[in-house]
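Just the one chain here, laid out as structure tokens, in the form predicted alone.
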């Protein structure tokens, strides 16, 4: 395990990472991720999240096949490889990492399937994704990378993983020790997305802050 970088540095530097080293993720590390995940809030304290650890090579090969099918449809929105290469840098790099994950999904050390009980909450997933965020922040703190990756999701996955009809599959989380680095995130400034009292009304305090936000307060030199 690595030294915990601290809450705010973790938040300000947790990227969606999709390229992984082949190193296995020890059980004690996985346990810490899940133990952190289940500390999240849960509507009516239902705690109906469920998690499936996927390390079986045959299942990962099937997931890769489905991911490649999904990638073909997804990439078609952006045109040819040449058109993707002409996209803005941030968008191009993100697409390339999704492509690389689809092609290398069978080599990802661990894939976690995230479930919740069907019909348990008025907002499906609303009591599951806070736990997913905890999981991903804990992964970052322990030197791992992760991302939500739903290209391989198929109805057949329910049977393959033995998921009961009472549960819904919300997302897949490939995790491992990343090839790429965590780091500061490019985000729209707070003033562009937060309004004061009414939609579209500027918040004077946010408008006076740097567009880059306050990340520099928390990032180690």
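Residue numbers count along the first chain shown, from 1. Please read these numbers as outputs of a predicted model, since none were measured by experiment.
Keep in mind that the form predicted together with a small molecule is missing from the display, and what follows is about it.
**Q** Just one of 29-37, 58-66, 181-189, 44-52 has residues with a heavy atom within 4.5 Å of the small molecule in the predicted complex, so point it out.
**A** Contact criterion met by 181-189 only.
**Q** Identify which of 131, 111, 98, 117 has a heavy atom within 4.5 Å of the small molecule in the predicted complex; exactly one of them does.
**A** Only one option qualifies, and that one is 98.
**Q** Would you kindly say which of 150, 72, 80, 123 lies with a heavy atom within 4.5 Å of the small molecule in the predicted complex?
**A** Spelling it out, the residue with a heavy atom inside the cut-off is 150.
**Q** My question is simply whether residue 16 lines the interface with the small molecule in the predicted complex - judged by any non-hydrogen atom within 4.5 Å.
**A** Judged by the heavy-atom cut-off of 4.5 Å, residue 16 is in contact with the small molecule in the predicted complex.
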